[in-house]
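Quick setup: one chain, the form predicted alone, written in structure tokens, and binding and motion questions come after.
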């Protein structure tokens, strides 16, 4: 296990005082490999928060080039880089902010071709993909490999957050046996809403990695920013779930 350097102790001095975290928790962050699916409105700020907290390695999987329509929410991006691969811009932003972490970029989205290998190389997965097809792939593979998955989703002014801990919680298929009919690639979004949800997802991931606090278990956090309503909704593992029913 990599030890904390003198510079680490200076940079993370304030968060070392978080109850239950401390030096040992910070060492767990430094030695953690986190996979983040997409670096857009959700994944970008989430990756930034993990980098600022000192998670040792981030694997960013996101295909495609930056467009004008990305700029209202994708805070790792820059206007001058329109037309460039988003994963490369995200890499530059994160390394400029925290040069002491490792960042690996995959210039493609999570697919059947790469999901098994990428999750195999990761300790925790953050699902920030807009498409349920991609989210179902990560859910399936995380359950299979027994890796924790923090699933973040949003639509318009609403958001949801689920921690999936194989063998301890329901999986995504328990809650959504099929893709919701209204879900589509392009949807209404304010950057402030996606950033709020991303920060909550990052906090949950940090708790899971370090071992402090009480991660959200067997509940979905539902947020309606239109009314500032927050709810914890109980969710139940289904014994007949085709993904996790036998675990």
Partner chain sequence: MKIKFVFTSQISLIAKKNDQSIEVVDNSSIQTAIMELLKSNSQEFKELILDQHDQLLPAILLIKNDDQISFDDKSSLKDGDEIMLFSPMSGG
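Positions refer to the first chain, counted from 1. This is a predicted model, so every value here is computed, not measured.
What follows is about the form predicted in complex with the partner chain, which we do not show.
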query: Three-residue site 40, 128 and 178 fully in contact with the partner chain in the predicted bound form at 4.5 Å by heavy atom; finding: yes
query: The unique member of 220, 203, 196, 53 whose heavy atoms fall within 4.5 Å of the partner chain in the predicted bound form; finding: 220
query: Contact residue in the predicted bound form, chosen from 158, 134, 123, 141 - any heavy atom within 4.5 Å of the partner chain; finding: 158
query: Residue contact check: residue 73 to the partner chain in the predicted bound form, 4.5 Å heavy atom; finding: yes
query: Close approach of residue 171 to the partner chain in the predicted bound form, 4.5 Å, heavy atom; finding: no
query: Distance check, residue 11 to the partner chain in the predicted bound form, heavy atom within 4.5 Å; finding: no
query: Close approach of residue 187 to the partner chain in the predicted bound form, 4.5 Å, heavy atom; finding: yes
query: Among 99-107, 142-150, 114-122, 73-81, the region lying within 4.5 Å of the partner chain in the predicted bound form by heavy atom distance; finding: 73-81
